[in-house]
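Shown below, as structure tokens, is a lone chain in the form predicted alone; questions about how it binds or moves come after it.
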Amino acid sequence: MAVTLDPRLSLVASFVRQGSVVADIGTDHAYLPVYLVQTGRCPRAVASDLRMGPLQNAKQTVAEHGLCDKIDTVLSDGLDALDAHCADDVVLAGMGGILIAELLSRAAWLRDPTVRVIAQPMSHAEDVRLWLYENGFSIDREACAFDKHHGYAAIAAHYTGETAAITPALPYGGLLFEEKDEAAARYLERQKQRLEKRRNALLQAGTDPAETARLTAILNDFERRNHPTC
């Protein structure tokens, strides 16, 4: 029986390159790698998780679909226990952006132009984008999906060794500023509203003027991107 993915994981799956070996970090039930192998998008996969419980769930899913010869399950804290260059596409989804950035920083082998990093933070996507921009990665593609009113951004990047010029709002929207679809616009509006709420609370309290100024600069950059001058 074929695995069916929800909108969030379907978006991630669409970012995985045809014919690549994929590693799904924090795989839980291994639905993503099973789907990718079942559909022929990936010939092989690695499914890893930090805890034995979720990894046992992954092993069960893999076995139920007869894919034990094509999907390896690994107990690992992030990418720590994975062999270098074990995969062409590395997926980190279903965790916070701060954690994703930390896990990426511990895997030096990702600094290879042939490897694609695919991240889908559950929160604080700006921390992922900022880490990528500051550590020589180029963001190639971004897109959004909404599931149960929650918006998720998927980010695909590869290593170039060149750092990007970072304007205040760029970590909060990345390539989504260039997208014209409704999901991207909705995601960016929610980001802006979240920043406005934080900034306005600080203004009302009259505390932390440095953070207030930083948030104001980000919001001004949002406004410039939404209404560029001719």
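Keep in mind that what you see is a predicted model, and the values were worked out from it rather than measured. We number the residues from 1 along the sequence you see.
We do not show the form predicted together with a small molecule, though everything after this point is about it.
Asker: Pick from Leu103, Val115, Ala145, Ala156: which residue has any heavy atom within 4.5 angstroms of the small molecule in the model of the complex?
Answerer: Spelling it out, the residue with a heavy atom inside the cut-off is Leu103.
Asker: Which listed residue (Cys68, Leu203, Leu50, Ala185) meets the criterion of a heavy atom within 4.5 Å of the small molecule in the model of the complex?
Answerer: Here the answer is residue option Leu50.
Asker: Can you tell me which of 124-132, 107-115, 146-154, 94-102 lies within 4.5 Å of the small molecule in the model of the complex, counting heavy atoms only?
Answerer: Comparing against the small molecule in the model of the complex, the contact stretch is 94-102.
Asker: Taking the shortest heavy atom distance, is Asp28 within 4.5 Å of the small molecule in the model of the complex?
Answerer: Close contact exists here: in the model of the complex, Asp28 approaches the small molecule to within 4.5 Å, heavy atoms only.
Asker: Is it the case that Thr73, even though its partner is missing from this view, gets within 4.5 Å of the small molecule in the model of the complex, heavy atoms only?
Answerer: Taking the distances in the model of the complex, the answer for Thr73 is no, it never comes within 4.5 Å of the small molecule.
Asker: Do Val21 and the small molecule share at least one heavy atom pair within 4.5 Å in the model of the complex?
Answerer: Taking the distances in the model of the complex, the answer for Val21 is no, it never comes within 4.5 Å of the small molecule.
Asker: Can Pro54 be called a contact residue for the small molecule in the model of the complex at 4.5 Å between heavy atoms?
Answerer: Judged by the heavy-atom cut-off of 4.5 Å, Pro54 is in contact with the small molecule in the model of the complex.
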